[in-house]
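Next up: just one chain, as structure tokens, the form predicted on its own.
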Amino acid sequence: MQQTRPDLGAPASFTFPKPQRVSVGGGTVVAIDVPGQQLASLRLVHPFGGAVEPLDAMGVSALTSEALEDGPDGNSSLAPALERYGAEWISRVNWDGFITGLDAPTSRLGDAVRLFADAVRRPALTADDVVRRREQLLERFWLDASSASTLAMRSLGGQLFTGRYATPLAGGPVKLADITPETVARFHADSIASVAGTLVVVGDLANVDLEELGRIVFGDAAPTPERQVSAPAPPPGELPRVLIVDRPGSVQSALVIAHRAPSRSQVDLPRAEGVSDVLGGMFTSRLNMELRERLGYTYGAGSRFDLRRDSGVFFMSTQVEAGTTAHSVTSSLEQINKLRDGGVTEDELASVRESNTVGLPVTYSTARAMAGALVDMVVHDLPDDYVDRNRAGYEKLTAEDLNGAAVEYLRPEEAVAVVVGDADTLREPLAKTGVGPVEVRSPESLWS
């Protein structure tokens, strides 16, 4: 029997729950009570991501994050120990943070957190475990890089930055291979074990003692030091330009066009991400409509910002048939220029507003998602009402706001186009585009 679809009602308003903050010893607990949410998410945030690694220890934070999974008793013992409490271990590193945590039933949270604290503060970090994890990371690096799109993204850092950002977050194959168990132990002792950090907790906290959780996790660790931020310098070379990462015989090309962007604190996020949405953040965005729907070159194209504490990157990415690579580069740049010159339409403005506001109740419907938002606030020193401010920013966006953002934040004259594909067939057509000088590198030479 055919049924009639129900009429859509007005979008529900959304307000992000106000977190409570509790100072315990050298650390701070930031918590949201969600009555009825019996699976709690707990995250411990340290401000020691890849950006602050010394150049002679690139990849040490990623390797330490992996090695913590071996637990206080070593040899991959942590996961089965946590399973006794129904808990799942979380550990990840980005450029600005070292994040560990667990998801666990609130009824077992105390026991799980005691084991979590031991895993973070007093891991075994045996030499055998660290070396095994390092070899796994190295093997995974080239396995992941067998994907042309991954290789293109990893090639980008050296085209936009000097210093730490020129090498991939996990350290690259050469630098990571030099990390020793002693280096990992030293990093852990100085940056993780002895520093309290900030503890994020989200779930039904009716029977949870936040101060006791803080005492278990922080112990006698020292307060988190304030990170000094300075913008990294760009590498030398003419802009715009093209880098071909040679993969002989490739019938497709992975394409990333990128330029440097301001840091997270310097960007008006609704304006910046709004104009990125118009260009490549939605299915109906201009890049997708041009490269996929009109030209038929790709299954999809997109764009977004990667914003850090001291700098940022804006990039467009797609994968295309090799013979369409040069035209895909010029067509992508043409879409930016059209957006800068002609501005956005009323339909595009409406799509940006709705796509960033209507779905918020679903976006933050789980403890894990709310914990992720709190981690973002901690890492970037954002106010507790950041989500609401961001929503309000999208709601009041105007076409003039997005038009100004297109000129302010999209800078094709400063772009680098990284193309992973067959250099023999791509070099001449890419040179004829006139985008800029063309350089060819092998994947193995990028991080040596």
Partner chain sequence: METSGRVEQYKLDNGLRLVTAPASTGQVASVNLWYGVGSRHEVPGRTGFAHLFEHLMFQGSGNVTKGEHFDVVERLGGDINASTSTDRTNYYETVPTHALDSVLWLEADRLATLREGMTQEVLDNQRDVVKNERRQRYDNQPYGTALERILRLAYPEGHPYHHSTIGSMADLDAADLDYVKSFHKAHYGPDNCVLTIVSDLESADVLARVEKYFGAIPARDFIPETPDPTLRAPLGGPVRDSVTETVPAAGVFIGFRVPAYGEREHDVAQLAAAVLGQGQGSRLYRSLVVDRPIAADDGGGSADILPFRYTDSLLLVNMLAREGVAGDVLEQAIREEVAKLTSGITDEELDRARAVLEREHLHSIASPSGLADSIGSCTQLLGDPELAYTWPERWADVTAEEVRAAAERLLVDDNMLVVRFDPESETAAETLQVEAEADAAANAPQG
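Residue numbers count along the first chain shown, from 1. Rigid core (definition): largest C-alpha set, two forms, superposition within 1.5 Å. Given the structure is predicted, the values throughout are model-derived calculations rather than measurements.
The next section is about a form of this same protein that is not shown, the form predicted in complex with its partner chain.
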Heavy atom within 4.5 Å of its partner chain in the predicted complex, from candidates L239, A117, A79, L269, belongs to A79
Checked S265, S194, S365, T162 for heavy atoms within 4.5 Å of its partner chain in the predicted complex; positive is S365
- Should V320 be counted as a contact of its partner chain in the predicted complex, where contact means heavy atoms within 4.5 Å? yes
How about P383: is it within 4.5 Å of its partner chain in the predicted complex, going by heavy atoms? no
Exercise. Is there a non-hydrogen atom of L39 within 4.5 angstroms of a non-hydrogen atom of its partner chain in the predicted complex?
Worked result: yes
Handout entry: Any non-hydrogen atom of E414 within 4.5 angstroms of its partner chain in the predicted complex
Key = no
Exactly one listed stretch (391-399, 31-39, 46-54, 375-383) reaches within 4.5 angstroms of its partner chain in the predicted complex by non-hydrogen atoms, and it is 31-39
Restricting to 141-156, the residues within 4.5 Å of its partner chain in the predicted complex through any heavy atom are W142, L143, S146, S147, A148
G74: with the rigid core matched between the shown form and the other one, does its Cα shift 2 Å or more?
no
>> How about V379 - superposed on the rigid core, does its CA move between the shown form and the other one by 2 Å or more?
In response: no
Discussion item. Given a superposition on the rigid core, I'd like a yes or no on whether A51 shifts its C-alpha by 2 Å or more between the shown form and the other one.
Written reply: no
